[in-house]
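Included below are structure tokens for two forms of one protein chain, each presented in isolation as structure 1 and structure 2.
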Structure 1
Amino acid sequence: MTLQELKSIEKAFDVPLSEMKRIIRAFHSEMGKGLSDSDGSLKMIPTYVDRPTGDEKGKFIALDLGGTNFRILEMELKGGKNISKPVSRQFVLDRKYLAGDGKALFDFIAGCVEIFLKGKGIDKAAHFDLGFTFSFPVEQTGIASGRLLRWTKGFNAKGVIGKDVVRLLDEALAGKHVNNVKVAALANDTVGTMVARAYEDPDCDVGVILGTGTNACYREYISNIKKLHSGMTYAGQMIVNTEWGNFNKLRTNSYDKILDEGSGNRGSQILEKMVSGMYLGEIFRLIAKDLMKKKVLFAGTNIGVFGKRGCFKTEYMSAIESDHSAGLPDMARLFKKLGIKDTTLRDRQLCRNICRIVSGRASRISAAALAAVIMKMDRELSRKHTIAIDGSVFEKYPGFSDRMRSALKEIFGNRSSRVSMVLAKDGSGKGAAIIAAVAGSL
């Protein structure tokens, strides 16, 4: 591969400071549209809840549904920012529930709640408020109500889109005679992640998911949420779910366009397609396939190895960037498993450079979007902000979080020290229980 070709790829994926600043301006414009219910790429969904005070008390149940594996947990808030260690159990949804009847899906989930209560010896006479983390696009109409807009993540249960998912779960619980549990609050995983951290950290005002998918939430003044019902009179702040994965004011290149054309949601989730674990490996595959066609990568190897969409996972990119040995032998073994038996050191070095280019862009776009959210709350960055972040890309991808911090320093200068990005692992379930406690105090 010539130096000129590598520079061409670098240029296509470059996000210099000027571009990050442009992203921030465009993001603010889209946030304004979403808050006023104008046509824009950011939904800016009100959650009808603010962050906790840290003094909430009581025992709560949480249901964390975001995929085929879901969790139910019990936890106690003791006040004074103290939380007992959650007692949890994981359940698995059979594939028949993903695309079957929606009532059967919620009946199964309610049955799992019943099994959990019995397994933990929880007295049926004891009443529990339940926090429901439902990590699918929902138009939330209250702290404990929200209509499903569309299924994602392989779900397609019938008769649920357009329905209030809280009502469906309450009805299923009643059908199982689980009368001592009532859904008190609805949230998505991003909001749960923020709230879980905010219970113990009063500086936490942003939650982010950077994993298979991506999203962010933050605190907004209710007076700025113009699309709320005119009858709403209470003051203060509220957490807003931005649904930032759909932000579409980004500079795309030819590989992004090919990926989008081949996706099942063409024209949407543009930011997510550039930064999330679901898509980064596919971007690498498209670049590698292009270079193989030009006979500058893996010479003599059948292009069919990289011809199948989704065959190259983001975790492979992570493994490539983790190999720091002189001859890159781990990378050689990885490609051998993928059907590329003979790779040269030059091939492997080139692949590592491509991974760095792709993941580097993802980290800088993520940082720019995060900076926009922070500046929406505090334009001059005059106070401290803790950003609670969960997700495999942030947690496990080598150098990703460090590159985000470097990008934030470019944007904010020395003031970037006022921003703390902290890993809030598995916070969504705990957050749901805390939101149920907040709901009880309203």
Structure 2
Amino acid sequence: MTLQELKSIEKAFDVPLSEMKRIIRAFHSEMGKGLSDSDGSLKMIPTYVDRPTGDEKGKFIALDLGGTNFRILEMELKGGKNISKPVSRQFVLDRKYLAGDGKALFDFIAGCVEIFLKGKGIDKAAHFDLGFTFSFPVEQTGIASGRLLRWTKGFNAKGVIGKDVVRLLDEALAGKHVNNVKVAALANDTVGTMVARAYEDPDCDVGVILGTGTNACYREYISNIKKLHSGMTYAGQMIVNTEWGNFNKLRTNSYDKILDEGSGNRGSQILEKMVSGMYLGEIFRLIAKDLMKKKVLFAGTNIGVFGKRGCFKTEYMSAIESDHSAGLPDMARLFKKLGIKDTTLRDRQLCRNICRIVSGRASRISAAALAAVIMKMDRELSRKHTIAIDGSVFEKYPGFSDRMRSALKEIFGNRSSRVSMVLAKDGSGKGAAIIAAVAGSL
């Protein structure tokens, strides 16, 4: 009986090579639409910046907003591919700012900048260019201007959608009399991540985030960004933010549909809802709840434990997949903590299988999307590509990066050795500072 249930879940989450190839084709078609401005699920946002040369110099401040944490950094670019170790400080972003008034959110951020400058004893007379990493879909209109298209990842502050977020930050800084800091560049975390790696690695041409949310950017020829042509004539390349979390040409199953219906952004961020840290635990919860209802799991008791949206974190899945001992005692302890006192070994094995199925699909969809992006630049994989990746799902989820690598091998064969995925931890803030430097040199 259990086997049957497991088989049907496996089937609902399966991403065979043929499906990865279909995703790649659909991805290319959506990329084409996004670059020429017709409606599609990929926004393909021009960023007005290309990768750095590694020779940019100066002291910069960066501000990194867009996920679980909010950080401010100060760092010095020394040229010759050298960067000082950033001095950084993390601030807790109280949940009240996520859904409150947008002005309060930006005032809070500006207040943190003031505290940071004071705390570091930074002279008020010294001028600083600031790179602002703002990791939400923004329609950029220049290197230091862009309107928020929509919130993602649980943010919902009022009165910000449609506004220029650089202006909001500048105004908030002025309100706090922080007059020596100018917002010189706006960046997405994918772009920051890519640029931070590219400063020292000329092969780096893709940035990926696999954390709370998921997204990617890559280098595109300006001549291919058709929607820019009216305003722009110059040749060369520019980083494009794909906003791939919103890709929707994917096969969804009944659990995906329930998850989407219960989300605050129904119908959007479909890929993100199958792949990122904010949602994997939730997919597990929905499956577990379903199997408990069918009395296949935990003898159908304690169903209330899985009743509340968001109560099963992706970290728990990581812990479950890390438990390699025969009797799965760690998992037994985890479930006890969650309120399920008695679990059988069979229950625990079933849970581990479900985790593998859910995370396996996530890693294969991520790999297919990544392959599509790489092939957009270099169809035959004729040169090396470094993919800078940040985010806890890629970094910490057991086997996630390995499964992505083996999926890339299925897609590309031996040429997949030309693709190296590297962890670019906390690159997004560092990258924003580098982009501020690039902006200063334009």
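If you superpose the two forms and keep the largest set of C-alpha atoms that fall within 1.5 Å, you have the rigid core. From a predicted model like this one, the values you see are computed outputs, not experimental measurements. Numbering runs along the sequence of structure 1, starting at 1.
Enquirer: The form predicted on its own: is that structure 1, or is it structure 2?
Expert: Structure 1, which is the form predicted on its own, differs in this respect from structure 2.
Enquirer: Work out from C-alpha fits how many degrees the smaller rigid part twists against the larger between structure 1 and structure 2, would you?
Expert: Treating the chain as two rigid parts, the smaller one turns 9 degrees between structure 1 and structure 2.
Enquirer: In Å, how far apart are the CA positions of residue 95 between structure 1 and structure 2 with the rigid core superposed?
Expert: Residue 95 C-alpha displacement between structure 1 and structure 2, core-aligned: 4.9 Å.
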